[in-house]
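The chain below stands alone, shown as structure tokens; this is the form predicted alone.
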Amino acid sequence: MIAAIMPSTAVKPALETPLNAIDCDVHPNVPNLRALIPYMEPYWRDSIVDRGIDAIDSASYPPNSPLTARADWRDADKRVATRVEDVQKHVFDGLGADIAILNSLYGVQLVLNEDMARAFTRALNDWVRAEWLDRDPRLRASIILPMHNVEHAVDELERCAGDHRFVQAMMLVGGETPLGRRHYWPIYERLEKLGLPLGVHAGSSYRNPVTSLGWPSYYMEDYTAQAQGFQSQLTSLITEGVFAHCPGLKVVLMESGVTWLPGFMWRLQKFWRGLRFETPWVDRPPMDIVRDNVRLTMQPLDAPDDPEIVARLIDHFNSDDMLLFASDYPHWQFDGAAAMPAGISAALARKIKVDNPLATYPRLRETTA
């Protein structure tokens, strides 16, 4: 039997005043594997200690890389985003967000043992619930899925879904196989039924190279090449028929960059017109599908610091509904407190910061005044 995660108290509306911003991508940092041990079953607690792996640090970003965190967001010990107080200070007070969605990037996907990956993922979700969600009513979170085993992923989704502070499920863009493949469809069917979006975040389980040419040598190559993974996964989801099978599913691309999408979709749509007999279930232009079913977080906005260019790039989307406000805290994607780039009108900024997140995440509407 699957044990469901339930909130320790009934979820009450977080605010009684109009929302200023909903931050859709905030990263709590797990200090090390020891922090998760209290949330594991006895077998795994003993196993980790006996194997001497309890001090493993599988953070997804190099801890001392400048991109990993801004210097002014690190504490005296050079740590960042390890406590609820950090998010309260820098995201709620510093950036003016009212609600923040936590997306943990702790590397439970790196575990190759399916049973261990399931145990680590379960502990991670319970850690986020107990150490973060229970400590501030403004916090929401993603359910991290153990993607090495589809049945385990569905079980974890079912286990956590009873707590409506979990507002989406999340996986990494770099996995074992393209996300459109039909063995993943039970996950998408359950997400659609629950009304939960699927978040696809930059990162990798390192089963395949991040580039299409092989393994890179430098972190700069890896980070830059993440956009290739998003392009490939989006193409897979469309052409394999995921959105035809689950038309109500929303997919949120997180930390993918933004400017690549219009040009890439023009290319995909061009070839779809000539090869559509191959995929008859793609019965409308791919960009129309993307506008209905796909959303992108705004950080990092890979555009020049020119308001006119930013405005022109946004126009290329031909939609006001696709972009979601995100700080990507604590990663260093911008300086100061201006997470929203210049060149976006006040009306569009309101949609990106509040209306689009509320439309994308139904559970935010349920739990927010």
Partner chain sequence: MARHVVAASSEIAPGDRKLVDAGGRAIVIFNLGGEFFALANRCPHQAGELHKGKLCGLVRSPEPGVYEYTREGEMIRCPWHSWEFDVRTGKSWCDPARIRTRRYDVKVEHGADLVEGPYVAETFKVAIENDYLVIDV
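Positions refer to the first chain, counted from 1. Being a predicted model, the structure only gives us computed values, none of them experimental.
The next section is about a form of this same protein that is not shown, the form predicted in complex with the partner chain.
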Is it the case in the predicted complex that Lys270, Arg273 and Pro280 each bring at least one heavy atom within 4.5 Å of the partner chain?
yes
Can you pick the one in Arg79, His152, Arg83, His245 that has a heavy atom within 4.5 Å of the partner chain in the predicted complex?
His245
Picking from Glu240, Asp163, Asp98, Asp134, the single residue whose non-hydrogen atoms come within 4.5 angstroms of the partner chain in the predicted complex is Glu240
Residue-level contact is defined here as any heavy atom of the residue lying within 4.5 Å of the partner chain in the predicted complex; does Lys193 satisfy this criterion?
no
Partner proximity in the predicted complex: Trp127 to the partner chain, non-hydrogen atom cutoff 4.5 Å
no
In the predicted complex, does Trp185 have a heavy atom within 4.5 Å of the partner chain?
yes
Quick check for you: of 109 to 117, 152 to 160, 281 to 289, 139 to 147, which stretch puts a non-hydrogen atom within 4.5 Å of the partner chain in the predicted complex?
281 to 289
For the stretch 217 to 239, I need every residue with any heavy atom inside 4.5 Å of the partner chain in the predicted complex, listed N to C.
none
